[in-house]
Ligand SMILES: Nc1nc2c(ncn2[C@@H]2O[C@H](COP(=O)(O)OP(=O)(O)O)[C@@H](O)[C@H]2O)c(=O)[nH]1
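Given next, in structure tokens, is a single chain: the form predicted alone.
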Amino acid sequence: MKKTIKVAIAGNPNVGKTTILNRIAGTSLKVGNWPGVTVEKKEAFVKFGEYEIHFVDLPGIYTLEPVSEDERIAVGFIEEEKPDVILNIIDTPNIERNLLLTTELLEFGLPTVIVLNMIDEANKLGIEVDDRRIEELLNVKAVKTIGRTGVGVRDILPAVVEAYEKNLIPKPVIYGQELERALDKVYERLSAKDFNKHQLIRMLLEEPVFSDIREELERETGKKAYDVVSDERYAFAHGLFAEVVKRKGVSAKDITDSIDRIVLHPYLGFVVFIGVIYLTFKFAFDFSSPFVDWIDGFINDFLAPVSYGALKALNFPEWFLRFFSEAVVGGVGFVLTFVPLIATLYFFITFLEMSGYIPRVAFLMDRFMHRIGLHGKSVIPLILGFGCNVPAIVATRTMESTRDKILVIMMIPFMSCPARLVVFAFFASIFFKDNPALVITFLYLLGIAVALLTGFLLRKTVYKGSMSHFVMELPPYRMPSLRSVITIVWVHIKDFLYRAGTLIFGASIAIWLLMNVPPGVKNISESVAGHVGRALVPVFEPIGIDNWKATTSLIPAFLAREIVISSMGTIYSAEQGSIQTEEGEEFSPSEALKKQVVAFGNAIKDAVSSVLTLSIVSLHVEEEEEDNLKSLIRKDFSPASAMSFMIFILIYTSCLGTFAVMVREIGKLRATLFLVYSFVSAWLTAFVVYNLMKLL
């Protein structure tokens, strides 16, 4: 049986912890959330020799003083889980600032390995670090690496094992006489003697029982006890820096400052930001859209009929044939249609994050976002919500504060995505022919207003309190490793498929059953969904939606908003008696497969060609249904009820995928409460607008 070494990976934000872990763990990296919070947790199990090394990546922090959620998690893990080894990743170009956290980590007295990452960038800036001197002074292992290329990363595992086997406890961190004397007094009063220096300092600063020692320290030094500790830690870090670092003349021109003059400019910076966001949307959506369509076609036009034919040959009953081919296979296909967009969008988000641009966006937008009680980092997920709410919610994992993350996640579903645009365009073209663009613009602005109002209400009620501190380092610009970016994207795709995908799949089967039970039902009007739709009429009648066909169409609409139109087409056709059984040509698996191969080639061609155009091709809205459906809908809706219907589609949680990801990120209780909140908000807003339009 292999022995397990538990390793805590600690370091400042943007020091390359994830890149290093990717190099060590590869595809075995797992992404989840820390228990009880929405802060992202990365961990991996790596076999090395006779050991299985369990890596846990702690949130990126600047200090172990537990002020933010991230800092509490880091301190809690080290104190409660007691890792065997601490792997401290240091951004070598900024080593002096990084050594402050190193000093605090040394206070725990646990075997430590210091990784001097980005050593190539440090050398370009004329910074030389004596790693052997670090080992001699601190009794730790030190490794120089270039995480982006993998140089030196292979030396980390042997260093971890050596630190563990030899139990390389760091030499005690010695501070000034006054502080050391105060800590000795704290230690003497304790009945148990197994506390480390970090815990002693915490007790000195926080425990009322040691207030006399704290006051004596303040009298001796003339400073607050907290300031004494901070100054001593900084002095130790500065002294260590002076011992191990030598500076030479800069050998390479650092262009970061030159680029920042444009990127962080109060006016030009916004122009660059809009350009980057536009290109991100364009490349992500135009590249992924053909593959989304291909997956949908492959599942419905090939796998579904193939499975239907195979089961039919085995003499399964008709209801089971339809259930398996449409619900099971179709449910898998529905989950998979999310993958191309999530993959491409997360690729660009990760690329921008690792390149150093995302921290600058947060810095640029911070002043504006403060006005609505959030930090600059929240702007990226909110804007991504206009493209797709699912990856936008996933993108909140870059936010450190749990409070801010929950606030942003609960604002994102009100950002109108292209799926809702299809519904808006269809209804606006019927009832608002003179100004359809004005109506659609109004709906987009209304969604933003509801999002801001939601954030405001949450900050004043459930999530009261001041904003968490926002101190952000602006790292130098870097070209991310393609391997690291792809690894991170793949990890998130696996996590989505495993966690959110299973919920989407299960719910899609449930909705199919609602629309097809009892067995042998001829059309949706006779199904459970039709009866539920009729039962819902009294609920929606006050907002102008007073026919069962419209309410029934909202049931499959929870899968995806664009299904509303096709569902209405099916329901209205069935009601008119125009639905017919299609007796199509005999299905040929070989011919269908050939068509799918050709379709895949066309998807690649369309993805490349659409990316090369200037506009966002995938967001173009076309007429969805024939005039017959429009004429039928025109009889059942008025302009006021049509506007009410669109508002309900806008505000009520966008789709099942969004709900599933919310469950994954903030838990079932919060996600369900938000579902109820969005329904009530949608109903009330639609009620007000409907009655105002009737009056006018």
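Just count from 1 along the sequence shown to find any residue number. All values reported here derive from a predicted model rather than from experimental measurement.
The form predicted in complex with the ligand is left out here; the points below concern that form.
In summary, the region of this chain contacting the ligand in the predicted bound form, judged by heavy atoms within 4.5 Å and restricted to 142 to 150, 225 to 233, 264 to 272, 323 to 331, corresponds to 142 to 150. Distance criterion of 4.5 Å from any heavy atom to the ligand in the predicted bound form singles out Gly32 from the list Gly32, Gly49, Gly26, Pro639. In the predicted bound form, the ligand sits within 4.5 Å of a heavy atom of Val15.
Interface membership of Asp120, defined by any non-hydrogen atom within 4.5 Å of the ligand in the predicted bound form, is confirmed. Contact check for Met354: a non-hydrogen atom falls within 4.5 Å of the ligand in the predicted bound form. Although the partner is absent here, Arg478 lies within 4.5 Å of the ligand in the predicted bound form, judged by heavy atoms.
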